[in-house]
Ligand SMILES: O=C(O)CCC(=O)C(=O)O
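Before any questions on binding or motion, here is one chain by itself as structure tokens, the form predicted alone.
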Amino acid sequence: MNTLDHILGEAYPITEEQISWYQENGFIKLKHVFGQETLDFFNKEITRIVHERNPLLKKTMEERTTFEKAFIQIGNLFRIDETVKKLVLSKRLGKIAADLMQVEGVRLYHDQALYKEPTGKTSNITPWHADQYYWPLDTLNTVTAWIPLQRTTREMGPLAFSMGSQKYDFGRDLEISDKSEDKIQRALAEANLEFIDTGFDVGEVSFHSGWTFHRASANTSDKVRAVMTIIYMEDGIKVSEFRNKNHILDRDAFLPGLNPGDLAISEMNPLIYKNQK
């Protein structure tokens, strides 16, 4: 086994205190999940794919929608590149996801690179939202690993979280937009929920629940904010009813051929980690 395989297969120690923190607050940031050399390796490979497949290169910021300004999004990299597939399907990250959710096993829902360009004079915030608005999954047991591929300062627009917001149901019917930024911001303020907006050190990775509200400020630095994300779901869950147009789009992209009531298992959803008792 080479060094990279060893790192990706080695368990990251999660404490009971960290699990309790995640369960209470809906997110957690973990230090030293990866080292600089590993991040540099994946940064080079993922950035190459993003540059090759970026559909927004022909649009100026002024021509883009609010969603398109927020980030460059390239999905299903595990199907594109064997090297990135190793990261997406790594047991190191999969076990963290299972431990935090307190489930026996996790499958891939999908992966995506999220690159936030420097703004210049045009804002590119990522508005307040909850990811699971988009997902036709009949469960609360989903979690996203947000993996910065470099040290990410406040100026670069790191992910920021509303603590405990996964327990509230306001704003769950809003897609990412100027409307979601305004309405969810006001609702979170009225609920008096604490806002955590700090940078990420090299190797620091966050995990947040599907219904945790989060946002990101504009990238006002002179560097691209390169991030890889992996969304995990509990093994054995079912496809939910399709309650908005995005559920159908997501089904077609990440759960091909499945319908409400089916097990959320397809060739796009490999089992990543299973607790061996």
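The first residue of the sequence shown is number 1, and the count goes up from there. Treat the numbers as computed from the prediction; the structure is a model and nothing was measured.
There is another form of the same protein, the form predicted in complex with the ligand; it is not shown, and what comes next is about it.
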query	finding
Proximity to the ligand in the predicted bound form, single hit among D81, E155, D197, D131 (heavy atom within 4.5 Å)	D131
Contact assignment for the ligand in the predicted bound form, among S240, T47, S221, T229, heavy atom within 4.5 Å	T229
Which of 109-117, 182-190, 162-170, 82-90 lines the interface with the ligand in the predicted bound form (heavy atom within 4.5 Å)	109-117
Check all three, N25, K29 and K95, heavy atom within 4.5 Å of the ligand in the predicted bound form	no
Contact test in the predicted bound form: F207 vs the ligand, heavy atoms, 4.5 Å	no
R251 within 4.5 Å of the ligand in the predicted bound form, heavy atoms	no
Close approach of M233 to the ligand in the predicted bound form, 4.5 Å, heavy atom	no
4.5 Å heavy atom contact, T126 to the ligand in the predicted bound form	yes
Partner contacts for 216-233, taking the ligand in the predicted bound form and a 4.5 Å heavy atom cut-off	A216, R225, T229
